[in-house]
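What follows is a single chain, given as C-alpha coordinates, in the form predicted on its own.
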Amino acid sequence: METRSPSFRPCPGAETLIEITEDDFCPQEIIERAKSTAAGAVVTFLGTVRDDGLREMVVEAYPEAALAELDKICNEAADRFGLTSVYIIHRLGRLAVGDNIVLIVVSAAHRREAFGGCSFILEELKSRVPIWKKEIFDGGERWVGT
(Lines give C-alpha, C1' and ligand atoms only; values in the text may rest on other atoms or scores of the structure.)
Protein backbone atom coordinates (compact mmCIF):
# COMPACT_ATOMS: atom_id res chain seq x y z
CA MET A 1 0.00 0.00 0.00
CA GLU A 2 1.37 3.40 -0.90
CA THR A 3 1.70 6.18 1.60
CA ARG A 4 -1.05 8.68 0.96
CA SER A 5 -0.20 12.35 1.02
CA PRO A 6 -1.99 14.48 3.57
CA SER A 7 -5.45 15.57 2.54
CA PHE A 8 -6.63 18.91 3.79
CA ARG A 9 -10.32 19.77 4.02
CA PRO A 10 -11.72 23.11 5.18
CA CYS A 11 -14.26 23.35 8.00
CA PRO A 12 -16.06 26.69 7.91
CA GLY A 13 -15.03 28.82 10.86
CA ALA A 14 -12.44 26.38 12.18
CA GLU A 15 -8.75 25.77 11.47
CA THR A 16 -8.73 22.21 10.14
CA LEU A 17 -6.60 19.29 9.06
CA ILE A 18 -7.99 15.91 8.02
CA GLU A 19 -5.37 13.37 7.06
CA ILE A 20 -5.29 9.67 6.24
CA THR A 21 -1.73 8.41 6.05
CA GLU A 22 0.64 5.51 6.60
CA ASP A 23 3.09 7.88 8.31
CA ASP A 24 3.32 8.23 12.07
CA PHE A 25 2.59 11.64 13.57
CA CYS A 26 3.65 13.72 16.55
CA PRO A 27 0.63 14.49 18.77
CA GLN A 28 2.43 17.37 20.51
CA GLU A 29 2.97 19.20 17.20
CA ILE A 30 -0.76 19.05 16.45
CA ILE A 31 -1.68 20.14 19.98
CA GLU A 32 0.58 23.18 19.58
CA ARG A 33 -1.13 24.02 16.27
CA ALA A 34 -4.54 23.87 17.99
CA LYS A 35 -3.63 26.47 20.60
CA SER A 36 -4.82 30.00 19.94
CA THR A 37 -5.88 33.11 21.80
CA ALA A 38 -9.52 32.29 20.88
CA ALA A 39 -9.33 28.83 22.47
CA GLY A 40 -9.57 28.32 26.21
CA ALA A 41 -9.55 24.53 25.83
CA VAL A 42 -7.72 21.98 23.71
CA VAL A 43 -8.93 18.38 24.00
CA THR A 44 -7.06 15.42 22.55
CA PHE A 45 -7.86 11.78 21.88
CA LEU A 46 -4.99 9.50 20.90
CA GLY A 47 -5.85 5.94 19.92
CA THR A 48 -3.02 3.39 20.01
CA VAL A 49 -2.66 -0.32 19.30
CA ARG A 50 -3.17 -2.05 22.63
CA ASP A 51 -1.58 -5.33 23.68
CA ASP A 52 -4.45 -7.81 23.62
CA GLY A 53 -2.14 -10.61 22.60
CA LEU A 54 -1.82 -8.99 19.17
CA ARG A 55 1.17 -9.54 16.95
CA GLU A 56 0.15 -6.61 14.72
CA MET A 57 -2.83 -4.74 13.32
CA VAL A 58 -3.60 -3.89 9.72
CA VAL A 59 -5.73 -0.80 9.13
CA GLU A 60 -7.43 -0.32 5.76
CA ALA A 61 -9.78 2.29 4.36
CA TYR A 62 -11.59 3.50 1.31
CA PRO A 63 -9.66 6.80 1.43
CA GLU A 64 -11.84 9.00 -0.79
CA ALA A 65 -15.02 7.97 1.02
CA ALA A 66 -13.32 8.17 4.42
CA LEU A 67 -12.11 11.73 3.75
CA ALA A 68 -15.54 12.79 2.52
CA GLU A 69 -17.22 11.39 5.64
CA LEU A 70 -14.60 12.90 7.95
CA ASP A 71 -15.22 16.23 6.25
CA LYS A 72 -18.95 15.96 7.03
CA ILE A 73 -18.24 14.98 10.64
CA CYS A 74 -15.81 17.88 10.98
CA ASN A 75 -18.39 20.36 9.73
CA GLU A 76 -21.08 18.93 12.00
CA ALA A 77 -18.80 19.12 15.04
CA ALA A 78 -17.58 22.65 14.25
CA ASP A 79 -21.16 23.89 13.83
CA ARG A 80 -22.62 22.01 16.80
CA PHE A 81 -19.86 22.77 19.32
CA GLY A 82 -18.42 26.06 18.05
CA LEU A 83 -14.94 24.60 17.60
CA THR A 84 -12.06 26.89 16.67
CA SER A 85 -9.92 24.04 15.32
CA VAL A 86 -10.32 20.40 14.34
CA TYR A 87 -7.43 18.05 13.52
CA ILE A 88 -8.04 14.42 12.62
CA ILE A 89 -5.23 12.08 11.58
CA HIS A 90 -5.88 8.37 10.96
CA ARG A 91 -3.17 5.89 10.05
CA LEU A 92 -3.38 3.01 7.62
CA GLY A 93 -1.11 0.02 7.09
CA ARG A 94 0.62 -2.47 9.36
CA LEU A 95 0.90 -1.25 12.94
CA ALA A 96 2.65 -2.76 15.95
CA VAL A 97 1.52 -2.77 19.57
CA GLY A 98 1.99 0.75 20.95
CA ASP A 99 1.79 2.49 17.54
CA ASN A 100 -0.46 5.51 17.07
CA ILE A 101 -3.67 4.81 15.12
CA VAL A 102 -5.81 7.93 15.35
CA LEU A 103 -5.45 11.45 16.70
CA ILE A 104 -8.29 13.89 17.24
CA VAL A 105 -7.44 17.35 18.55
CA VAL A 106 -10.08 20.05 18.90
CA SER A 107 -10.08 23.48 20.43
CA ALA A 108 -12.93 25.71 21.53
CA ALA A 109 -13.49 28.74 23.68
CA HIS A 110 -14.63 26.56 26.61
CA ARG A 111 -13.91 23.04 27.89
CA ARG A 112 -17.48 21.73 27.61
CA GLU A 113 -17.57 22.44 23.88
CA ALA A 114 -14.07 21.04 23.33
CA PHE A 115 -14.82 17.79 25.19
CA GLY A 116 -18.19 17.49 23.46
CA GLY A 117 -16.68 18.08 20.03
CA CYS A 118 -13.86 15.57 20.52
CA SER A 119 -16.22 12.89 21.81
CA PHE A 120 -18.71 13.52 18.99
CA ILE A 121 -15.98 13.23 16.34
CA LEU A 122 -14.63 9.99 17.80
CA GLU A 123 -18.04 8.29 18.05
CA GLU A 124 -19.09 9.42 14.57
CA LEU A 125 -15.75 8.32 13.09
CA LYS A 126 -16.18 4.87 14.59
CA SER A 127 -19.74 4.47 13.28
CA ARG A 128 -19.65 6.24 9.89
CA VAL A 129 -16.16 6.25 8.35
CA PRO A 130 -15.12 3.33 6.08
CA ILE A 131 -11.99 2.28 7.97
CA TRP A 132 -11.39 -1.36 8.98
CA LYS A 133 -8.94 -3.04 11.34
CA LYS A 134 -7.63 -6.59 11.15
CA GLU A 135 -6.14 -7.86 14.39
CA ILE A 136 -3.45 -10.50 13.84
CA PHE A 137 -2.64 -12.94 16.66
CA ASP A 138 -0.21 -15.84 16.78
CA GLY A 139 -3.20 -18.18 16.47
CA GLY A 140 -5.22 -16.35 13.81
CA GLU A 141 -6.77 -13.06 12.83
CA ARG A 142 -10.09 -11.20 12.92
CA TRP A 143 -11.61 -8.10 11.37
CA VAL A 144 -13.07 -5.57 13.79
CA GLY A 145 -14.89 -2.25 13.44
CA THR A 146 -12.97 0.94 14.14
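Don't overthink the numbering: it's just position in the shown sequence, from 1. From a predicted model like this one, the values you see are computed outputs, not experimental measurements.
Keep in mind that the form predicted in complex with a further copy of the same chain is not shown, yet the notes after this line are about it.
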Using a 4.5 Å heavy atom cut-off, state whether residue 47 contacts a further copy of the same chain in the predicted complex. yes
Classify residue 123 as contacting or not contacting a further copy of the same chain in the predicted complex by the rule of any non-hydrogen atom within 4.5 angstroms, answering yes or no. yes
Looking at the partner-bound form in the predicted complex, is residue 93 within 4.5 Å of a further copy of the same chain by any heavy atom? no
Classify residue 78 as contacting or not contacting a further copy of the same chain in the predicted complex by the rule of any non-hydrogen atom within 4.5 angstroms, answering yes or no. no
Along 95-128, which positions have a non-hydrogen atom within 4.5 Å of a further copy of the same chain in the predicted complex? 97, 98, 100, 109, 110, 111, 112, 115, 118, 119, 122, 123, 126
